[in-house]
Each structure stands twice: as C-alpha cells, then as structure tokens.
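Just one chain is shown here, as structure tokens, and it is the form predicted alone.
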C-alpha cells in the first residue's frame, strides 16, 4: 500500500484540515506512517502566522532532497497557509516540491497526487481561497475522544500584523445544517469534547441565507446533539464578543466555561497601530461582564510584544494589563514581520534584544498570574475528562477541567475517556495535581 506521512504545523484548524486530507487519501488506498523515510507521499500542512513557524518548514527542504535521492518516486507536498502565501515560488526555490495546495483546494489533493504520479510534473492549486469549505462532508477523525469542527473560515478583520486574511480568505460560514450533521456523527461515535473552530467564531452567520449568529448556533447544537458532554470554541475577536455569547455560555449545559479572547496589547496606542478595533477600556468592560455572567469561567489570551513603534510606556501598559486582568494563561509572542501585511510599512524599530527583554518580563508576569489563579483552586473539586497517560508514570493520568485546566491524578486502573470528580491538592507550574474524589 502507498504510505502517507503527514505533519501538521500551527493551529487547531490546521489539525482539522489534516484530518480531512488524511481521510480523503485513506479512501484512495493510502495508509499512514509515522516514519518519514517509509513514505511515498509527504505532506506538510503549514502555518504562516509567525516567521518561526515558516522557518521550521524551510529547514526541512534539504532532508526532502535526500529522501528523493533514495526514493525517486517520492511525492512531496506543501499545503495550507504557506502554500497560499508563497504559491509557485516554492517550485522556483525548492524544486524538490511536487505539490503546492492552499486551504481552499484541499479536497483536490488526492486527484493532484495521482496526476503528479502519472505525469511527474508539479501541481499548483491555490485558486479556491474564497470558495465554500473544501472539506465539507469529510468526517474522518484521528481520535475517538476529542473532536474538531470547523464552522467558518477566513477573517474580515484586517489587523495590520496578521497574514491570516491573505492565506485563509474572507469570512465564510458553513450552513448550520451541515455543522449539525457533523456534530451528530461525533455524537453517534461517542465523542465527549468537541471544539468549534474559526478565525473569528463570534462572527459566525455572516453571509448565510439563514438568520443565525454564533450564540444561535450554540443553542442549536445543544438542542440537536445533547449527548455530547462538552462543547468549546476558538477563537473569538473582542469586537464581536458580547452579552448574548456570555449568556449562552452560562445557560447551555454543554458549553464549557472557557473563553480565548486575544487582546494582543494593553496599550491603546499600539492597538490603534495594530488596527484591532477595540480599546483596553472596551476589553476590560467585556471581561467584567464575562466574569459576572460566567463567574467560574476561565480566560486565556494572546499578546504580541515589540510591535513596531511600541514604546516603553506602551510595554508597561501591557504589563499592567496582565497584572490587572490575571489571565489563566496567555500565549505571548515577539512580533515578526509577515509578507504582504500593512505592518510591513511601519518601521520595525524595537531591537531584537529589547523584544526579548520585554518578552521575558511579560512571561514572568503571566506565570505569576497563572499560579495565583491555579492556587485559588486548591481544595476545590473539579469535573475532569481524562485524555491520556502521563509520559513519566503510566498509572498517572492527564485530563482537562471544563475551564481547560490541566489536571494530573493517580489511578489504579485506566481512566482514559472517563469523567471523574478530582480534588485539587497542589499546583506545579500550570498543572493542577489532584486525586479522584472519594478514592
């Protein structure tokens, strides 16, 4: 059988795309391999959000050349966001690449691979960026416990640093009935934790003939597939997070009390330069309302440090913001220029050394905030869905609370896939250590 090696970089949407592509290829007679040297087809599903992610992929090109010397029939493909961004330039700079396929063309991959095999000529497919969801009705899953469901693709916000609108296109929402069909499939297969995906899930419904928004979709999923215990979503834009969403999180039993709401900066001046369409005051009001309506809700976010023009005062505003909000966790990245984005016109005047210094300070502040939030849970009992064994001890199990906190407990038998009440005893970094209640 033909063997597929598929590696995924980047976000959960890329993970779901990879599942779909894998399913299409399995239907064409491929089997998967975890050993790249065994592969007849190598696909890298790529991310363009940060330069570091791209350099990881470019760093593999030399290895591809060596593998092709060993197996001249090997087909190598770059798919996803980097494919959309760089297009045919991949063939010019890296002749070892046979396939370049963007996110809108993923359903074409099996046919494109077959054409390459027969004609031994490269294929470029990046012309369907703003068309309908390319993996509709592809329900292959790589796991049995946690599922990913794409509800929309693209983004209509134009943050000056962000390449996503150029690699994922404009916002397009999937028809709710197609989403419900996919949710029913997950319910029938016994999935227990499902995450809804979109570049901005809060704007779901835009452009659809049916009158529905994101909160309405959550209500519909609750009604139609109540057998799924947990429902999550990512990512939200602050401009579109509102009372109706927070109320749905409070009132719908399956919707977990966790929200990822990227703020990016605590400085209004920087937010304006980022074109984020919200202010720090607006964000603070949202969080006050969220914590009032969802008192046990957790909150995670993203920050960019060292954005062009970021002064020491801008940085200190962000530091103060982290200390004031006390996020449960945060992804904090140093700014890196992205091709084609408006921020390229701004002078990248924060030195690498200064970016690194500010980055470390923010990481330390967030670590302290996370520790404080986690220590407040000591003595409490939380519902945990256990997902895996600890790498260090096979009788220790790792799971997540409804608020997406990581919990580790010991157990005398395999509890993967089970819900248990766990009493939190202590904290180790961002991990909660506990015991099964009543054990």
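Everything numeric in this text was worked out from a predicted model, so none of it was measured. Positions refer to the first chain, counted from 1.
Omitted from view is the form predicted in complex with a small molecule, to which the following refers.
- When contacts are judged by a 4.5 Å heavy atom cut-off, residue 91 does not count as touching the small molecule in the model of the complex.
- In the model of the complex, residue 309 stays away from the small molecule, with no heavy atom inside 4.5 Å.
- By the criterion of a heavy atom within 4.5 Å, residue 257 is excluded from the residues contacting the small molecule in the model of the complex.
- Residue contact with the small molecule in the model of the complex: residue 246 places no heavy atom within 4.5 Å of it.
- Per the 4.5 Å heavy atom criterion, the small molecule in the model of the complex is contacted by stretch 160-168, the sole one of 249-257, 160-168, 70-78, 134-142.
- A heavy atom within 4.5 Å of the small molecule in the model of the complex is found for exactly one of 358, 276, 86, 230: 276.
- Residue-level contacts in the model of the complex: of 115, 219, 354, 302, one residue has a heavy atom within 4.5 Å of the small molecule, and it is 302.
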